Structures are given as structure tokens and as C-alpha cells.
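Here's a solo chain for you in C-alpha cells, the form predicted alone.
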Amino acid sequence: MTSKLPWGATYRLSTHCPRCLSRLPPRRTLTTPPHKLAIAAPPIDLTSLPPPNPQNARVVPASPSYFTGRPDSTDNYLNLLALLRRYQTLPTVPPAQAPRVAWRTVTQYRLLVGEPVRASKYHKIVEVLQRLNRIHPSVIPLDLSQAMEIYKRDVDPYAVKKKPAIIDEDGRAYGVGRRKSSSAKVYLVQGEGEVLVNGKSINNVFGRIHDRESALWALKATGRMDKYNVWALVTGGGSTGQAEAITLGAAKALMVFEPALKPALRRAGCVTRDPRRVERKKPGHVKARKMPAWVKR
């Protein structure tokens, strides 16, 4: 193929290699033509008000998170961070002495802002709230209190005071215990150590020694076996559940007579309610977890 350029131009655009007959491409430099230098926009002068060309001005959103998928929750988080930076020098109290506050759950917060907030993001909000809640109550600002009020639950469970148990006119203390499907109402009165369960002796109700010891473990662990009489009404469940329900009810009734025994009863495991239950059977399973044997053919 022959070139359409004159011989002299073709010779100038190519050079011969001194060692071979091949031709190498010429070296070219990229430069901007003078007629294209004026295409770039001129520098913006921010000192001139109003702008030189109001028609090209754009509206700036008031919220920095306007273009995000969750603007309200992001704004709330940024506002809390701004409050934390503003009041981080105020005196604080130890976490154990801070006021107990029940914050909204992530489901309640989603309904409040109307956005699908992730649990991890709401956890960050709660961490900032807990840090702000440690500010000393005597110096906490008004705007900070109002900002934190939005995240508190409508009903504060810590404000509900438990009704104190008392000893009735007959000298009895009352306690309720539950375990699995069993429920026990236990009455404790000072006596010689007699125990009646549903009007019968404890030996007739519980055949196993383990169940009898478990029912009276609160008295045995504190050395009060021969100082109180026990009368219990038990319903539901089996022997193990009924015995452990009596344990919890007797411990509550014993703390009415002697509140100083609570640490000893807690160490003995008689104060905490055991929430474990039998797991339900699932469709297609033999039991709760067991599957039927798999047969290939």
C-alpha cells in the first residue's frame, strides 16, 4: 500500500533503524491547542453575593445526610455526636452510679423514625446515649436532656417499684416460685421444721431423695431447717419442676423474715428463676431436634 503523503513528509514522520531495515514510529508530544484553552470554567468567587449567575446556582439541602437512604436516623446520630463534643468536658459519674434508663429497642426506634435502621447502627446511637447519660445530673444542660428524652421508652420499667412483701397477722410469709410448668405458693412460719405439700407429708409427695432435698434446699443452705414450718401448694408439671418451684418460693418467703440472707441464698442458687423449659417438637422431627432415620431406598 502506497502512502498518499509526499515523499518528503513520509520520510520526516518515520526514522530508519541503523541496524535493521524496519521503521520505528516517531515520538510525539501531546499539547493543548491555543483555541481550546478557554473551555475550562472560570474560578468561583465565593466573596461575591449574590452569585454572578443566579440561574446556574443549585439548592443546597439543609441536612448533610439528605442524599443518604436514611436521613432522619443519620441526622439523629450526628446531632448526638455534636452534643457529645460540646459537653464532653462536663463532670461525669461512674457507670455504676449513672441513672438507670431504659432506651428504646431497635424495633421501637424504627417505628419512630420510619426507616429500616440496622441494629449495628442503632447500637452506636445507644453507646453515645450511655456516654451522655454519665454526665452529672446536677450540671446536665436542658437541651441535652430534651434530646435524650426522645430515645427513652414511654414506660420506664425501672420506675416501677416492687410491692414489698410483709408478714401477715398470722405470722406467715408468702412466696411464689415457678419452674418449667410448675407453680408453687409457699407459706413460711416460725416453727419446728414441719413440711406439708398439698396437705401431705413431703415424703409422700416426693419419692426421690433428690427432690425432697431440692425442695428444702433454701432452708438447708442457710441452716434454718428446724426454725420454720413450710406449707406449700403446688400445681402443674412433674416432681422435678414442683420441687424446684418450692425452692424458689421458700427462698422468697425466707427473705421476708431475714433479708440479710439474700447473699447466701444467691450463692446457693435459690434466688434466680430458672427459665429453661422443654423445647417443643417440630413438624417432620421425631422430637425437638431428632430427625427420622434416613433410608436411601
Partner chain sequence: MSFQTCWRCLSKASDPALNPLRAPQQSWLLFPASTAPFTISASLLALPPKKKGRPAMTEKLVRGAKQTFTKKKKKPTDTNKGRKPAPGERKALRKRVVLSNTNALEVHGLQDVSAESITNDGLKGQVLGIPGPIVDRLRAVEAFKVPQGWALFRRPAMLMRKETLEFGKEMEGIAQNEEKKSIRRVYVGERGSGKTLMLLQAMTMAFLKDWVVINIPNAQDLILAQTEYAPLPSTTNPTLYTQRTYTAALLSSISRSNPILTDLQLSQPASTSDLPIPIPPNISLSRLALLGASDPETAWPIFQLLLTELKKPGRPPLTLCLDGLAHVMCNTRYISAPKYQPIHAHDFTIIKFFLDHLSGAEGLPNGGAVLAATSNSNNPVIPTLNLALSQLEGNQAVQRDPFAKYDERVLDVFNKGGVEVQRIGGITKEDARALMEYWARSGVCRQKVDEGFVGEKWSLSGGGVVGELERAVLRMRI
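Positions refer to the first chain, counted from 1. Model, not experiment: these values are computed from the prediction.
The next section is about a form of this same protein that is not shown, the form predicted together with its partner chain.
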Original post:
According to a 4.5 angstroms non-hydrogen atom cut-off, is residue 225 in contact with its partner chain in the model of the complex?
Top reply: yes
Subject >> Touches its partner chain in the model of the complex: residue 131 (any heavy atom, 4.5 Å) >> reply: no
Original post:
Within a 4.5 Å heavy atom cut-off, is residue 193 in contact with its partner chain in the model of the complex?
Top reply: yes
**OP:** Give a yes/no on whether residue 204 approaches its partner chain to within 4.5 Å in the model of the complex, heavy atoms considered.
**Re:** yes
**OP:** Note which of 125, 197, 173, 216 lies within 4.5 Å of its partner chain in the model of the complex, where distance is taken over heavy atoms; exactly one does.
**Re:** 216
Subject >> Sole residue of 136, 118, 85, 208 within 4.5 Å of its partner chain in the model of the complex, by heavy atom >> reply: 208
Original post:
Counting only heavy atoms and a 4.5 Å cutoff, which of 266-274, 248-256, 225-233, 65-73 contacts its partner chain in the model of the complex?
Top reply: 225-233
